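Let's start with one chain on its own, the form predicted on its own, as structure tokens.
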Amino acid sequence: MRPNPSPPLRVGLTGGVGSGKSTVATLLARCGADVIDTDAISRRLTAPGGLAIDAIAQVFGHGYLTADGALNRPLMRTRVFANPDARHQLESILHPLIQRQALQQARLAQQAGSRCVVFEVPLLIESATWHHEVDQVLLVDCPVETQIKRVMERSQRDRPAILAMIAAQASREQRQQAADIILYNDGLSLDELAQQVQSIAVGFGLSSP
């Protein structure tokens, strides 16, 4: 039996809403990283027939599902931002399932010879377990006002709703203290951001695209 390839570097990519972490994830993928998007895993788990649907219906009721059996995300979002206990209940259902599937994807990437696996985890700092699964934490950072501006530009949410989202996450200072690398993403063009990501990628054993 062939031995498994050497373990890849495991990077936790995080940042507040509107920080630009998904753009950074895309740029890291172009440099050769295997990016695992935990939001995408969450969407699959809460789609019709998803592994989390039965537990969500049992805890919150079928009123929180759409007609086709998916999680009613806007309705649930309204509830969890107004009720920390409900948010913790939802997280206790989703987070173990998300992490299990993400780590399985990482094992497959290792078997394929990956040099660097990047877990894109919005709530990595808030998690009690994710920091044990990564070698380094890369934070995409920007001022709160920049977060608000970006989210308002890409969605229909108003300022109070966005502030509630930000308040439900770790503070900017908490993220900075937990990070090994901080990428300050404010006032950068896409080309300038790509240059910074490429420099970081070289430190991860990757190459420029």
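The numbering used is simple: start at 1 and walk along the sequence shown. The structure displayed is predicted, hence computed values, not measured ones.
Note that the form predicted together with a small molecule isn't included here; everything after this is about it.
The stretch in contact with the small molecule in the predicted complex, judged by heavy atoms within 4.5 Å, is 147 to 155, chosen from 57 to 65, 28 to 36, 44 to 52, 147 to 155. The closest non-hydrogen atom of G12 lies beyond 4.5 Å of the small molecule in the predicted complex. For S199, no non-hydrogen atom is located within 4.5 Å of the small molecule in the predicted complex, even though that partner is not displayed. At the 4.5 Å threshold, heavy atoms of Q195 stay clear of the small molecule in the predicted complex, well away from it.
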